[in-house]
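Here you get one chain, nothing else, as structure tokens; it is the form predicted alone.
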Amino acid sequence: MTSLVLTLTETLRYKGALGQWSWVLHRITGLGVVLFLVLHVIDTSWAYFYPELYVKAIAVYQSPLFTIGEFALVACVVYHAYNGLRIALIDFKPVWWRHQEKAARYVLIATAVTLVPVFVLMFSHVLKHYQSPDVQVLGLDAVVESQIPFIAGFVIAGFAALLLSAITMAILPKSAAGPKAKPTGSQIERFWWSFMRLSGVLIIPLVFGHLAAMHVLQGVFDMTVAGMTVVGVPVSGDATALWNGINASGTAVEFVGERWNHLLGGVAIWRVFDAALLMLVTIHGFNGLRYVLTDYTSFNPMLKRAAIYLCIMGAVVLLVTGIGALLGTIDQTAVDMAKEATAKLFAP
């Protein structure tokens, strides 16, 4: 807690120096991306595991509250990516650190230049949706209620990590668990230092490609438009086929199925793309979360260990869930279940 208070007070007392604010923004935007990552991976996995739940999840994303959150998310991703690239480049050649303040300004400018046209295109999707005469919107109470399971999951995971930490501390010898224990794992930390910079660079084209396809060229509102072509999937000549590049049912489940079942040279390219993005972002994101949490729990060995366990558990759950869904098959039955769930969701 002392570390957290010190961070806040020193940041406010720092009189707006750009280096400090860049550090703070990098952490805030990273935490925002990790939070959405958890929701997004679990929700998207429902397209395969629980089609009915995925229908409601997309309806939640199409609500005004989450629409505002989508704009905030994109801003977080863009800034975090550019600033991460700045950090990786300067760390690659430390002599460049004398230019870090100028580089931080360039990051802010690049972020603004990127976001202006992106937000214009995203807002065009919002306007088109709400100008539709048959638009259907979930109430705020339903949106808030839908997030209760996630909040409960976070709380349970936190308690589980604390319990596991307490058990571990009780089993380990005091010399190994105490605050005066000899530091170990420096080679592992050097590996993670290098991994964060390399993965941060590799993630940029993947995550920008995902944002372009799923938030700019098409948006969450387009996922439930019947007859809409699916971005990144060419329309086939067989209009009777289920996977023909067109979301005939107007369900988000069929939208995801069109992408995941599209083959190029016998390879499900969007499954491969999403798998690469999932693995890199999950490991990068939760290791970054570990850095943040351990910074603010270093005063208590049990809390620090619990923070590490929490990050490991979160990463494992997301990877298993996401990869499990990517390896599954979305079929006509799932689409039919989604159509029925859509009709029930907005039934008078």
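Because the structure is predicted, anything quoted here is derived from the model rather than measured. Residue positions are given as counts along the sequence shown, with the first one as 1.
Quick note: we don't show the form predicted together with protoporphyrin IX containing FE (HEM), though the next part is all about it.
- Look at 242-250, 140-148, 162-170, 82-90: in the predicted bound form, residues with non-hydrogen atoms within 4.5 angstroms of protoporphyrin IX containing FE (HEM) sit in 82-90.
- In the predicted bound form, no heavy atom of residue 115 sits within 4.5 Å of protoporphyrin IX containing FE (HEM).
- In the predicted bound form, protoporphyrin IX containing FE (HEM) sits within 4.5 Å of a heavy atom of residue 34.
- Residue 322 belongs to the set of residues with a heavy atom inside 4.5 Å of protoporphyrin IX containing FE (HEM) in the predicted bound form.
- In the predicted bound form, no heavy atom of residue 56 sits within 4.5 Å of protoporphyrin IX containing FE (HEM).
- In the predicted bound form, protoporphyrin IX containing FE (HEM) lies within 4.5 angstroms of at least one heavy atom of each of the following residues of 252-275: 255, 256, 259, 260, 274, in sequence order.
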